[in-house]
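So this first bit is one chain, no partners, the form predicted on its own, shown in structure tokens.
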């Protein structure tokens, strides 16, 4: 790519007011991929003004008509799926199989939320007074600020943008600085689908642009996905300004493997969940909580699987694990090898930068001898690193799983239905899998976590609408006369 990646504001592709730019780098080759506008507070203000101006017309467009535009978005995404997937692989590194799935999630979400244009369900309920009707309906809120990460550059924005749009809001999206070209290509789909000018606006840039979005007084809602530290900062400042906030942050997800597990199924699922997306997903498995009896055989199989992973450029269909996203991520993962050594952890395989001439590659890594409470067991590494924690029984496994600051996803492998249902009841994470890895959430169910992973809100499913709507209670009196606040049953019978 050689063209400048511009902001999209008020239906126009525009340069930044300060005329500053930054580079997007292919993490597999370290080659220049694109130059993008580096937005500042002036650009954010212009985008918010455009969204505010577009809001009144957009909210008054009937919701089924808004939904029809999302259907057109879905159809265009299907046509452009391969091109978007290849661009995302070039920009953030994960293999084509995964970026195709990334785009497919957006397709699925566009169809799903398009259908909400003919639902947006409220409810009716009985009221106390005679000749009176009551109902609760959803209402749009206004300008929504969306801040998203690089690891799912199409799927995660779709989880936020699509429900916000169908609910009647307008949007300013601050895309991740590692994936500006993918973000622009995604927005182009909405433009070509006929979304009116100003309804969706894109600003490229760094954290200062995100901060300006959080601070802007005309932004009513902030929807953020990213690191826990940044998310808490966003939440704190937005709360001071009275804004509604949806947070999706870190994870330290675990797979529990009991002695009676389906062995082959567990091995495949653990390998994919730990090393897929190079471990750079909030639902990645970073802890393996394994019962003593099955551990030796399981460790042997996982070492063999990790060694068989082909590390390389994600555009190569033979590659099974791509690079980390940038040098900073590589340095962070490398630093935990020193932490592991200090904590007396054994590195069974991996543990170093992959031997490739270019790119931010790190070998699939397996830690053994990890004890509950160690840093490598508690802290989010966000790389292809799996820590093995041995436990004696299900009770200990559930305790270890729950005893972290995060609570996004967990899994148990067992053939015992009683153990499976105990895990479903007692694992305190927002997502629980049985005989499946910790990744692979579907768009029709709520997505989100507990504790340090989120703030109680959920994305996807019908619950996504809660993040982007307010409830309005409506009372209609058709008695033709003023009624007292309280009325006795006898009076009702007498009057009627």
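Just so you know, these numbers come straight off a predicted model, no measurement behind them. Numbering follows the first chain given and starts at 1.
As for the form predicted together with a small molecule, it is not shown, yet the points below apply to it.
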With the partner omitted here, the residue among 201, 89, 365, 151 that in the predicted complex has a heavy atom within 4.5 Å of the small molecule is 151
The one residue among 271, 140, 414, 283 placing a heavy atom within 4.5 Å of the small molecule in the predicted complex is 283
Only one of 173-181, 302-310, 154-162, 288-296 has residues with a heavy atom within 4.5 Å of the small molecule in the predicted complex, and that stretch is 154-162
Legend entry - in the predicted complex, residue 440 touching the small molecule (heavy atom, 4.5 Å): yes
How about residue 105 - does it come within 4.5 Å of the small molecule in the predicted complex, if we only consider non-hydrogen atoms? yes
_the small molecule contact in the predicted complex: residue 447, any heavy atom under 4.5 Å_ = yes
